[in-house]
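The data below hold one chain only, encoded as structure tokens and taken in the form predicted on its own.
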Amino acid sequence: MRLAFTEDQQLFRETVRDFLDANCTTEQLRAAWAADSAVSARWGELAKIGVTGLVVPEEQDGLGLTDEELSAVLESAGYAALPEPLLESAVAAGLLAEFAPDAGWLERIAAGDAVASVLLPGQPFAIEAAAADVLVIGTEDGEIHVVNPADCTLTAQRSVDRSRKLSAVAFTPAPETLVASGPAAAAALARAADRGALGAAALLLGLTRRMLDMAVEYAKQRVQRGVLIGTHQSVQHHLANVLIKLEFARPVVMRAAYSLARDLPSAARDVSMAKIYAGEAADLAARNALQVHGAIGYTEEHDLQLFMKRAWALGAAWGDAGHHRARVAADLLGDAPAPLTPAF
């Protein structure tokens, strides 16, 4: 197993990174915080480079790629703290591809003409449900419904990261919205939850790198008592510890993407390990970057808080560290891994 991006994956990742460097600035992130929806014209531009249709099958005009490519792209999205629901749309697209491939939604998602969101069992809130064109809902009974958000009662919720537009969703299941039920649907919902957790881990890797880069740049510029703070060994050690955490987490995330893409027996355990490692790296990056920046890092005027708050939100989303440690323990002890219960 080669725990590194292929040349094509690296090129795609860099293409997305370059696009977001130019089209997802911190000023645009602040605008997303203030807006009712974080979905902007950027969604259509992402479609032009294949991002929105990355996991959509080729038969429905997508790229038909796997979780390995998705995690590579999401790492770049994390670096920019992309506010659009790219991960949620990919999770929804996977379920649509399996159970409603002819409904027309996949082609629209790939073209950037539609935004999809998802609400899985255990999720209290859906991301961008109010702005979505289609909402894929999984129930505790193992049913999958494809729903028009306009037919639901949506109640806006506040997130620590205000670019994540959360809604509580109340809907009445109807025969025309049911696309799957039974063991196959339940298994697909479990895989979708694992894709969400893997995607969150990849986003956290990107956020870790961004917070580290910001702290390094600040340490090169901030002068205290006539000395650059970056010359102090204590500061250097803090930043080196973040880099070590990041470099240890990345191959764990790549292993999980490899396992999930091939539906290996260890996929659930590998995904949980990825979420744990990436979450720990992002948490350390947030704490150390804040310490390097001092009190200014807490303020809304400083850009660091945009990335810290996204990391805090994603640390709990798609299963927190305690949940994923329990899944790893269950696997090691020979028990069936507990179903993923995402949280926000």
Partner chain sequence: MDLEFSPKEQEFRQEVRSWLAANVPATPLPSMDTEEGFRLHQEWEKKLFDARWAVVSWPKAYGGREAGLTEWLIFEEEYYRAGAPGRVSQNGIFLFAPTVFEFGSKEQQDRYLPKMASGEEIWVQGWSEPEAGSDLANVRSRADRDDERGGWVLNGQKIWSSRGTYGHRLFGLFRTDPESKRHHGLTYFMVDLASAGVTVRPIPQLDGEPGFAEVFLDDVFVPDADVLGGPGEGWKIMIATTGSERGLNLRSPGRFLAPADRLLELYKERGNGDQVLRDAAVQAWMDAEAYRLFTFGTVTKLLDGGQIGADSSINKVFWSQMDVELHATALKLLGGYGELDEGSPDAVDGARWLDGFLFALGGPIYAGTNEIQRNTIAERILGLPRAK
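Residue numbers count along the first chain shown, from 1. Treat the numbers as computed from the prediction; the structure is a model and nothing was measured.
Keep in mind the form predicted together with the partner chain is missing from the figure; the text below concerns it.
Here the marked residues 162, 173 and 302 all miss the partner chain in the predicted bound form; none has a heavy atom within 4.5 angstroms. Across the options 101-109, 82-90, 195-203, 255-263, residues that bring heavy atoms within 4.5 Å of the partner chain in the predicted bound form belong to 255-263. Residue contact with the partner chain in the predicted bound form: residue 233 places a heavy atom within 4.5 Å of it. In the predicted bound form, the partner chain sits within 4.5 Å of a heavy atom of residue 209. The partner chain is not drawn, but in the predicted bound form it has a heavy atom within 4.5 Å of residue 269. A residue is said to contact a partner when one of its heavy atoms sits within 4.5 Å of a partner heavy atom; residue 46 fails this definition for the partner chain in the predicted bound form, lying far away.
Proximity to the partner chain in the predicted bound form, defined as a heavy atom within 4.5 Å, singles out one entry of 131, 239, 190, 154, which is 239. Of the residues given (219, 180, 114, 146), 219 alone sits with a heavy atom within 4.5 Å of the partner chain in the predicted bound form. For the partner-free chain shown, 325, 328, 329, 330, 332, 333 of 319-333 come within 4.5 angstroms of the partner chain in the predicted bound form, judged by any non-hydrogen atom.
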